[in-house]
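One chain comes next, on its own, written as structure tokens: the form predicted on its own.
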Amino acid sequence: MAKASGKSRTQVAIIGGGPAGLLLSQLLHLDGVDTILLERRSRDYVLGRIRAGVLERGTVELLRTAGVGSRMDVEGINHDGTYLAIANEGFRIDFKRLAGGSVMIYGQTELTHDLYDARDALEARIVHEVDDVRIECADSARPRVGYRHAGNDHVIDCEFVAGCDGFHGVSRKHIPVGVLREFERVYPFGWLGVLSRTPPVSDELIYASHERGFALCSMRNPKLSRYYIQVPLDEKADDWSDGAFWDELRRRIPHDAAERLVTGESIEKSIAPLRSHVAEPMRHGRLFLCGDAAHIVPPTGAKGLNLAASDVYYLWQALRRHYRERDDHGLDTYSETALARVWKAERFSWTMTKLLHRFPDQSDFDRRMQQAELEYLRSSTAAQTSLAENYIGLPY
């Protein structure tokens, strides 16, 4: 039986202790807005998750604004372009020349460490290992968030709730069925990813389209590499030895990259399914969704973490105006503003996924069209400029 209930009060209750929730909490704190953050998992679990590491220019600036960019600026790697490959021959997209910007390579695990350090320094209220989280009266002026922690029932009285708890979290489920609309595409393949303590094969990412399937050569830092190959959904990571993975990767990437590839023992190996998902609206009353709670993109366009950051930016600005100026226009338009950018990022990620992968139901005509699109991209400055603009990040 649960012990006696505990009550607390805050201005913004944040559900989810990943980068989105931590970043929103940090930005609001710097503006004098009080928050309590709830996280289902332990801190060690959150910090142990392996995630993407490509940061758009807008995300980089937002992290600096939040006071958590110092280590990123020292250890992160600026990329002014990326490589695409067709049938083992590569070509480069020059972000700097075409779109006047770049991206930053900085692992999400490191970013999460930085955010936790910043929140600890400001003595933030973060509660880990909570369960039975429930949002009450979201459509009223006085919402509440209930949860259980260490056998005790707790209630937070708050003014707003930010749902930053991911695709499988509880926040989205609190939007009524008659209000919520969900759009989804599940892809018929996954990415087998390997993390290895080896130098990256390239100074910039390589996205490879091959008749055997897609491949990606990425990195976390100069001594830690991340590689992916497209596999059927029924494959298991344990079915792939390290040797079999490296052999298959070599077959799909440019010949010169295959020759210089340094291999080693994998320190993490997993298969990630791919899906596109959008929930509308991203607001119900005083409940606001951020990040994966509202949308998922396939990782092909490197937009997942960056979309969460833009959501956080819009919500932070809206709450800032509410508390500083008593202006609720940003809150009233948050969903429409965020979704306009979400759908553009979904389009880009879907386009990249469709362009670079082999689909099991592709006809010969489909493959010829895919090849023609890639060849057009290789030869067209206009097409490369569009890709560069989207990759480095559309403006907020």
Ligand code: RFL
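Residue positions are given as counts along the sequence shown, with the first one as 1. On a predicted model such as this, the values are computed, not experimentally measured, just so you know.
The next section is about a form of this same protein that is not shown, the form predicted in complex with the ligand.
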item	value
Proximity to the ligand in the predicted complex (heavy atom, within 4.5 Å), stretch among 157 to 165, 230 to 238, 279 to 287, 256 to 264	157 to 165
Contact assignment for the ligand in the predicted complex, among Arg57, His29, Arg358, Arg41, heavy atom within 4.5 Å	Arg41
Contact assignment for the ligand in the predicted complex, among Pro200, Gly76, Gly304, Gly81, heavy atom within 4.5 Å	Gly304
In the predicted complex, Ile126 touching the ligand (heavy atom, 4.5 Å)	no
Ile15 within 4.5 Å of the ligand in the predicted complex, heavy atoms	yes
Interface membership of Ala66, the ligand in the predicted complex, 4.5 Å heavy atom rule	no
Contact test in the predicted complex: Ala20 vs the ligand, heavy atoms, 4.5 Å	yes
Contact test, all of Ile86, Ser196 and Ala215, partner the ligand in the predicted complex, heavy atom 4.5 Å	no
Residues from 124 to 145 in contact with the ligand (non-hydrogen atom within 4.5 Å) in the predicted complex	Val130, Val133
